[in-house]
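So this first bit is one chain, no partners, the form predicted on its own, shown in structure tokens.
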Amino acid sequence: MKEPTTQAAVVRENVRLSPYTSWLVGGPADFLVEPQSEEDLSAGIAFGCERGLPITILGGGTNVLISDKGIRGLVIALKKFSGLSAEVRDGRLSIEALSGTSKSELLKTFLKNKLEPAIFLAGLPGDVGGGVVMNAGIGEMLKPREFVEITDAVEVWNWNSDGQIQKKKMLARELTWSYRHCEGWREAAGASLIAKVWMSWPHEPKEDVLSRVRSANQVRLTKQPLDMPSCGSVFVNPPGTSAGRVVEAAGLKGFAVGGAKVSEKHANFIVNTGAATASEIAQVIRHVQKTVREKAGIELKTEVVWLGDWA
């Protein structure tokens, strides 16, 4: 089948989305575009709007569960929408990054400058845009430990059904930040995405940053199932405790449905043991929520974003 083209990007049809997620599950997108530039991104949005397609934005794929039935309409995958620049200005390391830039690239920039944000970033998968949207962070009491602490501003793209795009720069203080959440950037009507992020940190190099990053990585290797496909932490930590501790106390380590299993190394991870489906992962999530509700009276909320047709 001949691939339709936009002015600056190729749109592919019926593309399986499992390779675009860290769980390696998910059905096909009707249409998929992978922009590498702002021109590509604009063209992809125009393609969807001209055809009246629903548009789904897919970032790094580390915090999403895509239905086995896939996603109808157009998926814009931002993995290749990547690039950053950095400079020391006014006593701070200032960074400008496209939203699809991986957190690992951001980590390398802070690490090169021996700055402390590298330490919390060492534990975070996914991309920069997702880091803002989820206010990604870690449980350890470090400074910084969440994206809100390093973010200065974002560039938001809003568009209507006609494909008319408005770009707006918003300061971090104009956004509403909370635990694993950032709001205030989406438009009430139309559609929105974060296209660019500006970040900074005092340029005060610490000679022990590299050794602390190495130590953090070693600890994670012993405590998290990093050798198996997962989405990272599945559940939001309840007040005063950790989700992993609650799930383990409910006796759910090792609970499995098909190829989806609660990790025996860390109970807040659900791993794909090799041939899991999205449906099996969803069944494990719901069983864990039900069991914890019945045994501990705690409602576990997911960090996971559910995409596609779950009817």
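Numbers for residues come from their place in the sequence shown, where the first is 1. Model, not experiment: these values are computed from the prediction.
The same protein also has a form predicted together with a small molecule, omitted here; what follows describes it.
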Is it the case that residue 61, even though its partner is missing from this view, gets within 4.5 Å of the small molecule in the predicted complex, heavy atoms only? yes
Does the 4.5 Å heavy atom contact test between residue 22 and the small molecule in the predicted complex come out positive? yes
Going by a heavy atom distance of 4.5 Å, is residue 232 a contact of the small molecule in the predicted complex? yes
Residue 201 versus the small molecule, in the predicted complex: is there a non-hydrogen atom within 4.5 Å? no
Hey, with the small molecule in the predicted complex, do 12, 54 and 74 all fall inside the 4.5 Å heavy atom range? no
Heavy atom within 4.5 Å of the small molecule in the predicted complex - the one residue of 151, 224, 237, 109 that qualifies: 224
Quick check on this chain: which one of 165, 182, 84, 124 has a heavy atom within 4.5 Å of the small molecule in the predicted complex? 124
Here the chain appears without its partner; judged in the predicted complex, the stretch of 84 to 92, 210 to 218, 169 to 177, 99 to 107 with heavy atoms within 4.5 Å of the small molecule is 99 to 107
